[in-house]
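Read on for two forms of one protein chain; each stands alone as structure tokens, with the labels structure 1 and structure 2.
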Structure 1
Amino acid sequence: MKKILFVASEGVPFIKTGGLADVVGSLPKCFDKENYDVRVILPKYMCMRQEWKDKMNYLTHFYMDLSWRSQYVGILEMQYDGVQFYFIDNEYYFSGPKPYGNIYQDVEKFAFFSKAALSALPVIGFKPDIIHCHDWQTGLVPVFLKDKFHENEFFRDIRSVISIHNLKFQGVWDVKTIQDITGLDKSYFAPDKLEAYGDANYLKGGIVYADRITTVSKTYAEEIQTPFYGERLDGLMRARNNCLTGIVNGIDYDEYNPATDSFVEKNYDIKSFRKEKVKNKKALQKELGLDQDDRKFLIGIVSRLTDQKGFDLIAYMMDEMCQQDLQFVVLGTGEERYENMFRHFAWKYQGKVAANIYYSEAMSHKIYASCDAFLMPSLFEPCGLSQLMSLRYGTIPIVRETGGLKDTVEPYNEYKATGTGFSFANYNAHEMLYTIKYAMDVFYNHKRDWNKMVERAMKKDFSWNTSAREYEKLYESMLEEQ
């Protein structure tokens, strides 16, 4: 039995701010149970729903040194969906209304979490063969592991892999403070280790010290080795590229299933979508005060409202797009200027634009199920899960060809009758508009072709089946080296 430990800052159903949580919550249960014991360790945030906190069982607690501080580490546990979860409790670090606050607090919080996750292992009696870290929040795990923990027999042959879900966020703060927080020796803060451009960088530490590095699509694995996508670490990514693999994300096919989804008005599948899917559109139009016309081309957006997702292109084109024969429904929170932009357009184009500036699992499912198309013109996209959810619900993605979007959405070819969506190459508002108009033309004037595309989209398999096997292969290759 191979033992794997996921260490992460979020995971569904317990806590989620983005796609990372979907991955951490849904991938562990997809490993071959005969050969893999995969467990997950997360912080116990005060802002988790009471329902989850009530279900956690207290295991034990101890005190841990973090540099000159001595901190309480509580350990709770829970079995969920066949997976063993552990939660690190510390009210000083994990209170607050959201998992992440200001970066100064966060760098200390996740230094604590990373060290606590390692320190907890002998106490709970779980010795993983491989620790699988995710994003900058756990970047110090491979560093601590090779530092003092290495001196301890228990930790000596534990290997580590770090997955980059978004290279933009690196956990950067000044060297002096980070040295004080972590208690790591001065020698760690050199340009070939944790230091980057004068500051301490958690993600860089993880990338340097982990035995393997993965990211969430093949294209992003290539892109991050170039200056445009490399977020100033492209040189490091090139230097480590023999240890870097891209493994595309999957989604939970039970959670996101149009045939059984309890959030949607009318369930449907690949056979019944022609008749049934449109009923969801009608219901959503009614619920959100859009003009009730089930023949209208309805475009959905479910997203963090940030530059990454291409909202400056949308802002630039919104007026012009609203002159078209279509409707928009947006669900998202984020940068104020984009929140206000959508509120403004919902006011200006009543009946045509619905702005839902909040977070809602239920509403997201309704949008995936009800819309004709889903817009995601990202500037960069490590993988993207929303387009996979859209495909699953037969909602045609309109995307920019970058990262995981390029790898998962096959562009429509009207001559060969192939493809599952529409895409454009350059980060350019007019290319986006042109692509939307092309999609509209197929929708309004070639309905049979459109429906065939919906069928192809729904037939695609972006469950974890394939990618979980790729992670297993990666783990195996790591263990063979020992």
Structure 2
Amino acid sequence: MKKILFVASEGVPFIKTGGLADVVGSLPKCFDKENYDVRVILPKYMCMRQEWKDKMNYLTHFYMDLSWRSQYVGILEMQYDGVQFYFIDNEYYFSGPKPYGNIYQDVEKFAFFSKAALSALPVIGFKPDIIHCHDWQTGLVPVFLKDKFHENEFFRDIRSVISIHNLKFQGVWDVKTIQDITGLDKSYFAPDKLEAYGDANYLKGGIVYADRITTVSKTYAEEIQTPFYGERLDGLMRARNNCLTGIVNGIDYDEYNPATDSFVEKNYDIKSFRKEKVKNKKALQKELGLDQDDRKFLIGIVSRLTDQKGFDLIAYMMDEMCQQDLQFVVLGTGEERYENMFRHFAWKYQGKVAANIYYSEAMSHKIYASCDAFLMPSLFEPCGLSQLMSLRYGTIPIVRETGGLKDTVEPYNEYKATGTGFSFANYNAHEMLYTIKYAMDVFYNHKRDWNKMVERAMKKDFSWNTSAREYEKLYESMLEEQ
């Protein structure tokens, strides 16, 4: 039995701010239970919902040195969905209304969490073969493992892997403070270790000291070795590229299932979408005050409204796009200028544009189920989950070829009758518009080809089971090296 421990700052259903939580909460239950014992360790935040806190069992507590301070470490546990979860309790660090706050507090909070997660292992009697760390918040785990913990027999042959979910966030603060917080020797703060551009960098520490590095798509793994995407760590990523693997995230195929989804007007599957999917479109047009015409090309957007997601391209072209024979429905919040832009166009083109400047799980499902196409012109996208959801619902993605979007959306080829979506290569507003017009042409004038594409999209398997097989291969290869 191979033992794996996930260490992360968030995981569904307990606490979530982004896609990282989906990976940590959904992936462990998809491993082959015969061969893998996968457990998860998270912080016990005060802001977790009370119903979860009530279900946790207290195991034990101890005191741990963090540099010169002595800190309380409580350990709680519970089973969820067949997976063993542990929670590190410390009210001083994990209070507050949100899991993350100011970076100067977060760097100390997650230094504590990383050290406490390791210190808890002998106490709970679980010795993992591999510790799987996620993002900068756990970047110190591989560092600590090679430092003082290495002197302890228990920890000596534990391997570590770090997953980069978004290289933009690195956990950076000044060297003096981090040295004081962590108690690490100053030799660790050299340019080939934790120091980067004069500061201490948690993620860099993890990348330098982990045995393997993964990121959330094959293309993103290549992109982060270039200056444009590398967030000033591209040199390090190139130096470690023999240890770097890209594995695409998945989505929960039970939760996102057009055949059983309770949020949508009319359930459908690959056999019935031709008749039934359009009933969702009619219902959504009615609900959002769009012109009710089920033959209209309806484009959906569910996103944070930020530059990263390509909204400057959309803003540049929105007027021209609204001249076309199409409708837009947008759901999300973000930068004020983009929120106001969509409000403006919803006012200017009433019946054509629906701007929903909020977030709602139910509305997102309705959009995936109702639209004909889904627009994601991202500047960069480590993995992206929205395009996986739209494929699952037979809503054709129109994406820019970057990161996970390039890996998961196969561009339509009218000559070979292949592809599951439309894509464009350059970050260019006219190229985006051209691609949307091409998609519209297929939709209006080659309906049979369009429906075949919907069928291919719905056949794709981007469930967590597929990702889990890839991680199993990675773990196998790590354990063979020992």
Ligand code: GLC
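In this text, rigid core is short for the largest set of C-alphas that superpose within 1.5 Å between two forms. Being a predicted model, the structure only gives us computed values, none of them experimental. Quick note, the numbers are simply positions in structure 1, starting from 1.
Two copies of the same chain, shown separately. Which of them is the form predicted alone?
Comparing the pair, one sees that structure 2 is the form predicted alone and the remaining one is not.
Which of these, 441, 126, 467, 77, is right at the hinge when one rigid part of the chain swings relative to another between structures 1 and 2?
Checking each of 441, 126, 467, 77, the hinge one is 467.
Name the rotation angle of the smaller rigid part against the larger part between structures 1 and 2, given in degrees.
Comparing the two forms, the smaller part rotates by 11 degrees relative to the larger.
Once both forms share the same rigid core frame, by what distance in Å has the CA of residue 323 shifted between structures 1 and 2?
After core superposition, the C-alpha of residue 323 moves 5.4 Å between structures 1 and 2.
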